[in-house]
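As a starting point, one isolated chain is supplied in structure tokens, in the form predicted alone.
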Amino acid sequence: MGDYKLFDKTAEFGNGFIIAFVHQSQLLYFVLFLPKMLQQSYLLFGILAVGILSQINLFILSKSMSYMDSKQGYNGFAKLFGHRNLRIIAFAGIAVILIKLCFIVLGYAEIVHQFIFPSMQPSWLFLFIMLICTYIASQGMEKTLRFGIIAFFCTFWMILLYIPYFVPPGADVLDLYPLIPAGRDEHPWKGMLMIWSSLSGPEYIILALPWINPKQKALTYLSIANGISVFLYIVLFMACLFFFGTPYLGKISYPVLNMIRYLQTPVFERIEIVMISMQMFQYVFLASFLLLSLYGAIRISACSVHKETGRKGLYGVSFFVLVCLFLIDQFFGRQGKELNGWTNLQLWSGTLTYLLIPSLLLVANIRRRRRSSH
């Protein structure tokens, strides 16, 4: 894919891109819904524990990346899995990428609809977001990845907005109790599964492998990004517990964003509108990247990867995604709830991809190295 128009390569990205990509992909779902779904304060330890497991998974991913020749692009994956197996993997990847892409657009559109334009039909928001994503993706993978670095600098500072929630007169350390569950949790695995799925996303960096400098020590920067994400998870969850308390946290939609409504400044009356507007960079970047990845997966599964790419094909894929968004909005009626069953589908999808992709790559690389040594 690296020799064609949308996937050409004229530059390589280093450590800054790895940190920006991984951090943005991991922080996405926590902002959307996770504090409400966790609710219990003892899951602060759950975030830390799953963060350690995520670090082990990133170690496996970095090993896989170190074994691969990033310059070969599609041909490298074809040598690793075989053309037939790669087409099967790409065909399965179409569904996974489509689910993630639709969830990102639906999630951000729901936020904009609830906080900024409550009287606007969601379908217009879908169209507006997809038009932006299609334009960015049409500039090619390289420029889309550059846009990801811009998106990182537009959003990473937002954690500073939550500092006031740690020092109000009403904040009490007792709001973080119990640190150990007092009774038996009926579904102790569910919260951990949600955290794991929310930390998913770094596995998609293999799709940008041809544009990453092979001399970079990927594990170091993957670890930095994972550590930052886990730290922000803990800080945001603690802020939610201080502000809402455990009983009320489970009853409010988008607690991470609703908290900002209560901040008052002499400059901005509604800071959450500024925050949500800036977050558009993050959501649009990931959606644009996944749109190009979906286009590439369709080309591989259709055995047309060696044909020249063009914007018409990308526009067709974008229109297909837009139709899927309209259908999901109709059949998964939200009625004030965040995406309902679609959320669970994405949670399971993210859990499986983050667990299986690094291990599958590592096993395939080890088998290839053993075959080449005989």
Partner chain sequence: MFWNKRIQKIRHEKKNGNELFQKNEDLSLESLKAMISNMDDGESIEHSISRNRKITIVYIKTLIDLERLNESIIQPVKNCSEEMIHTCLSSEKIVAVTTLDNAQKLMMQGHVLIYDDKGHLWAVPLENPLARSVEESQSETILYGPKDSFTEQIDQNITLLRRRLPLTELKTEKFSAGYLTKTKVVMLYVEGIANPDIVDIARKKISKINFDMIIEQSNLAAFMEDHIHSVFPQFQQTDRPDQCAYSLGLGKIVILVANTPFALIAPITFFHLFQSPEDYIHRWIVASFLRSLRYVSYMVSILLIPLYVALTTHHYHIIPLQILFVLLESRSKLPFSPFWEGLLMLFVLEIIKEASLRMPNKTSTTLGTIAGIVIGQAAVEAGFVSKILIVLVGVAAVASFLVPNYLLSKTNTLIQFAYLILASFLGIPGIVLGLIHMLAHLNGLTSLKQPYFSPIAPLYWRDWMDFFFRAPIPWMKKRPKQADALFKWRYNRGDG
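Positions refer to the first chain, counted from 1. What you see is a predicted model, and the numbers here were worked out from it, not measured in a lab.
Omitted here: the form predicted in complex with the partner chain. The next part is about that form.
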Legend entry - Partner contact for residue 284 in the predicted bound form: the partner chain, 4.5 angstroms, heavy atom: yes
Legend entry - Contact label in the predicted bound form: residue 136 to the partner chain, heavy atom within 4.5 Å: yes
Legend entry - Contact of residue 126 with the partner chain in the predicted bound form (heavy atom, 4.5 Å): no
Inset, instruction - Flag residue 224 as yes or no: does it have a non-hydrogen atom within 4.5 angstroms of any non-hydrogen atom of the partner chain in the predicted bound form? - result: no
Legend entry - Segment assignment from 87-95, 112-120, 225-233, 194-202: heavy atom within 4.5 Å of the partner chain in the predicted bound form: 112-120
Inset, instruction - Could you tell me which one of 217, 190, 79, 270 places a heavy atom within 4.5 Å of the partner chain in the predicted bound form? - result: 270
Inset, instruction - Scan 276-295 and write down, in order along the chain, each residue with a heavy atom lying within 4.5 Å of the partner chain in the predicted bound form. - result: 277, 278, 280, 281, 284
